[in-house]
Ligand SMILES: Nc1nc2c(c(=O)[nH]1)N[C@H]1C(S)=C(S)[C@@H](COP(=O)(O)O)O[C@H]1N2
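Before any questions on binding or motion, here is one chain by itself as structure tokens, the form predicted on its own.
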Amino acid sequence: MGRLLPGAAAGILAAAFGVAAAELLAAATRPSTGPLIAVGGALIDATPTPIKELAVRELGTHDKPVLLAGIGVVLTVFAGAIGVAARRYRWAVPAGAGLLGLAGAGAALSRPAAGVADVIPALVAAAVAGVTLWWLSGTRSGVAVDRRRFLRAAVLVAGGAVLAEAGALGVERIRGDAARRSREAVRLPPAADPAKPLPAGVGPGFTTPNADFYRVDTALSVPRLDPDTWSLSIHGMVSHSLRLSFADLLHRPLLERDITLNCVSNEVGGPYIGTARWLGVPLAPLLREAGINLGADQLVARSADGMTIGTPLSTALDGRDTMLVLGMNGQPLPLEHGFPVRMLTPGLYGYAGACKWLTELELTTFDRFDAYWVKRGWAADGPVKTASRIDRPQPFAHLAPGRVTVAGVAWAQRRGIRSVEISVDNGPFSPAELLPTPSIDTWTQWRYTWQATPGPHSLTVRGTDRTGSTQTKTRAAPFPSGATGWQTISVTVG
């Protein structure tokens, strides 16, 4: 083991130096081309849907750091093995570097918005790692003086890796600061069609603060887009293409609405839902201005990171407030929520109508093109299902006997909520009180007063929309069209 350690250390140090150099280059040019980000993105694309759903369910917003850490562990083991092999077989150095470069380059080219130049960081990583390992492998042969030479060389390589990684982090920080300054410099004009004030009686927490709004997407590196150079292309099955700048959108009549947005990955009772006051440009007039060709039925939104979201064209034209969003809760869109522009379609899950970092809208047909999630088996249309959730008390809470307020939210965007009912210990359902709600496009808060008696109890909630359809009791996983079932929680009284 003692003789293997120098080889493993050499391989790990060489790989670390190579990756750090590549990340520095990517940070200065295009961050998404860094080897770790590129490989992570390729793994996300290749991961089977059940595993993706498990990651979202168990890890939430920590899924991306865990993925990158896992890639780092695998790379460390691989590099250590190559370093050990290089002690006896010098050909292991170019072989290992070549595999490293091929994996990174292949991952970079697999990204939706990839170009040939995107392979350069991966090739730099392979070259730097290979040369470094060849050098480190030649500084030791078991003699004492060679051990000292190896240690000096290892310290130099480690220092170079640290400096390169620090440089990459510094460049990324500079880019991030520039993006934040660009966002802070945006002055949103007042809406030509402002949202009505929230009705009296709305409970606390009706609107979700930007900092607390859920985030579920595949972007390992948040795109940093400059609104001064950003543009949106509208093309495809149209009479004439349009190209709009951010300033063009700001000068158009803006719409402001309270809308609830939720993720199709949300489990029954899950957290991936929020309500915000959105400010944006109505989409229907833009599409009509471009001229919609006969037969078009799908609107494909493309993101700066290559994501594609397919939306039924009818949902942009049927009178609902589908918009190109510029503002969220009185501020420009946060970077992680799609700055400078995202799309929002009331009544559809985010995967079917809420593309972030929007750069392109193509009118086409569902027969001609399958968007990112549809290729992976998700339903093409994505209408939100009627659902409800208990927010208070928390599951497994210990409560005092007597009057207990049970409260939560229910939603059925584009239909609205007619009633919410509560069952205690699988008994008959009793109606809950509905709090005022501004529109059918938001969730509805509800509360129910329960006379709690000592002992263990279960509480079950179900909602009915304004069409008279009650959410089904049948449990179904989110894949392929959204979770179903009644939420039941357990509590203890006394």
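Sequential numbering from 1, following the sequence displayed. None of the values given here were measured: they were computed from a predicted structure.
Heads up, the form predicted together with the named molecule isn't pictured, but that's what we're talking about next.
Participant: Please name which of the stretches 215-223, 420-428, 109-117, 189-197 has residues with heavy atoms lying within 4.5 Å of the named molecule in the predicted bound form.
Facilitator: Single hit among the candidates: 215-223.
Participant: Is V300 one of the residues lying within 4.5 Å of the named molecule in the predicted bound form, judged by heavy atom distances?
Facilitator: Heavy-atom contact with the named molecule at 4.5 Å: absent for V300.
Participant: Look up in the predicted bound form whether W357 has a non-hydrogen atom within 4.5 angstroms of the named molecule, and give yes or no.
Facilitator: The answer is yes: W357 has a heavy atom within 4.5 Å of the named molecule.
Participant: Taking 4.5 angstroms as the cut-off for heavy atoms, does W411 touch the named molecule in the predicted bound form?
Facilitator: Judged by the heavy-atom cut-off of 4.5 Å, W411 is well away from the named molecule in the predicted bound form.
Participant: Using 4.5 Å between non-hydrogen atoms, is D305 touching the named molecule in the predicted bound form?
Facilitator: Answer yes; at least one heavy atom of D305 falls within 4.5 Å of the named molecule in the predicted bound form.
Participant: Quick one: from C263, V84, A407, V281, grab the residue that has a heavy atom within 4.5 Å of the named molecule in the predicted bound form.
Facilitator: Comparing distances to the named molecule in the predicted bound form, the residue within 4.5 Å is C263.
Participant: Pick from K385, R183, H337, R389: which residue has any heavy atom within 4.5 angstroms of the named molecule in the predicted bound form?
Facilitator: Contact residue from the list: H337.
Participant: Report whether all of I309, R342 and G350 sit within 4.5 Å of the named molecule in the predicted bound form, measuring from non-hydrogen atoms.
Facilitator: Each of the three qualifies.
Participant: Counting only non-hydrogen atoms and a 4.5 Å cut-off, give the residues of 20-38 close to the named molecule in the predicted bound form.
Facilitator: None of them.
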